[in-house]
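Take a look at this single chain, the form predicted alone, given in structure tokens.
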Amino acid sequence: MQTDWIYGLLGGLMIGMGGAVFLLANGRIMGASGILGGLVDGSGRNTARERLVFLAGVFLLPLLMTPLFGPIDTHAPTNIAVLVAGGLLVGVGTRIANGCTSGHGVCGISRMNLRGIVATVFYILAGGLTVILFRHILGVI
């Protein structure tokens, strides 16, 4: 029986809960790119500690969950150039869109924010077109 969908469900629940806790505790929207971006460009200097704690949780939680669920195959490409290019494109895209999927998709849609809904629709369309282009037409991934 295929159970990969359970990992997506659990991950989605954890991201949603994290967004709710972040909003309730800080009064601000949880957007991973904004949290990281504020550290990089210095605009989040006054909230650096909470930003670092959040990012530490993002990186450490998968390590803590591995003993419970075992290693999970992410199907990430092994081509380092593709990973670097993808990371750079995501970074540029989040700056252009003034947020990422956690800010717009999870927190924006849950608050019925029109900007978040529109941004998420475009994220999904861009992702689909990227897969069609790079996987099915160019065969890179």
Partner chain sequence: MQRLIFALLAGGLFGMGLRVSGMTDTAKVQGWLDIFGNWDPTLAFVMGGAIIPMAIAWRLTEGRKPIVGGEFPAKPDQKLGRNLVVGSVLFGMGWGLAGLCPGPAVASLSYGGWPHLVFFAAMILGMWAAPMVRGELDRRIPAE
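C-alpha atoms forming the largest set that superposes within 1.5 Å between two forms make up the rigid core. Only a predicted model underlies this, so the values are computations on that prediction, with no experimental measurement involved. Numbering follows the first chain given and starts at 1.
Omitted from view is the form predicted in complex with its partner chain, to which the following refers.
Although the partner is absent here, residue 45 is not a contact residue: none of its heavy atoms lies within 4.5 angstroms of its partner chain in the model of the complex. In the model of the complex, its partner chain lies farther than 4.5 Å from every heavy atom of residue 139.
Along 34 to 50, these residues reach a heavy atom to within 4.5 Å of its partner chain in the model of the complex: 36, 37, 40, 41, 49, 50. Relative to the superposed rigid core, the position of the CA of residue 134 differs between this form and the one not shown by less than 2 Å. Once you line up the core between this form and the one not shown, the Cα of residue 10 ends up 2 Å or more from where it was.
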